[in-house]
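So this first bit is one chain, no partners, the form predicted alone, shown in C-alpha cells.
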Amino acid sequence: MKFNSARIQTPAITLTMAGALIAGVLISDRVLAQSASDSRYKPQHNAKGELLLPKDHVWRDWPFVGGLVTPNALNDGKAPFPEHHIVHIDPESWAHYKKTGVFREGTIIAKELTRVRAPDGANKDGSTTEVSGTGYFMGDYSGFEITIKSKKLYPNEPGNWAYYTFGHHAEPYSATAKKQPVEACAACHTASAAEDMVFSQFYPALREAKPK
C-alpha cells in the first residue's frame, strides 16, 4: 500500500500555522493592551476642575527619566521633600521629546514619592546599612504628583504648566487633586529648573535623549 506523504503532513502544517496565528493574536493583544494603558491616557477633570487620579498606577509603566532624594537627616530635619522622587513621562511625550527636544502640548510628568527606608537600627544620619553598603534606600510609597503642560487648559499659568498633588502620604492617594497655586510649585520651577520649567539637570535620561 502506498501512502501520500503530503496528506500525512497536512495536519501538522495546519496545526503549526494555527499555533503561529494564535500566538500572533496574543502578542498583538498584549501590545494593544499596553498601548491602551500607557500612551492613550488622557487627563480627566471633574466638574470642579480637579484632576482625577489616573487608574491602575498607569504612570509606573511610563518611561523613567530620573530620581533624587533629599532626606531630612541632611537638611537639619527640615527638608521640603524628604523622600525619594521617582519621575516618569508619558510615552507619547517621551517619543516627541526624543525627536524634537521639546516638551509638547499635553506633556504629562508624574512624580511618585517613597519614604527613606529607616527600620529599627537606622544610622544617626538617617541612612541604613544594607547588603550593598550604607546609603539612603527606598521605603514605602508616600505620595504622588502630576505636572501637565497645556496652553489650551492653562493659558495663564507660567509656561502653561499646571501642578497637582494627590497627597504626601501612604496609599491610597487622594482620588482628586486641585491645581496648585503658582507660589506652591511653579515659582520654584521658574527660578531653578534648567529647561522649560523641568528639572532636567537632575534627569540624565532627558539630557541624553535631547537631539544634539
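Just so you know, these numbers come straight off a predicted model, no measurement behind them. Sequential numbering from 1, following the sequence displayed.
In what follows, reference is made to the form predicted together with a small molecule, a form of this protein that is not presented.
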Would you check, heavy atoms only and a 4.5 Å threshold, whether F81 touches the small molecule in the model of the complex?
yes
At the 4.5 Å heavy atom threshold, is A184 in contact with the small molecule in the model of the complex?
yes
May I ask you to state whether E157 is within 4.5 Å of the small molecule in the model of the complex, using heavy atom distances?
no
Determine whether any heavy atom of I89 comes within 4.5 Å of a heavy atom of the small molecule in the model of the complex, and answer yes or no.
no
Consider the chain as shown here, without its partner, and state which of Y173, Y164, Y41, W62 has a heavy atom within 4.5 Å of the small molecule in the model of the complex.
Y164
Only one of L153, V58, L52, L68 has a non-hydrogen atom within 4.5 angstroms of the small molecule in the model of the complex; which is it?
L68
Could you tell me which stretch in 92-100, 127-135, 71-79, 106-114 has residues with non-hydrogen atoms within 4.5 Å of the small molecule in the model of the complex?
106-114
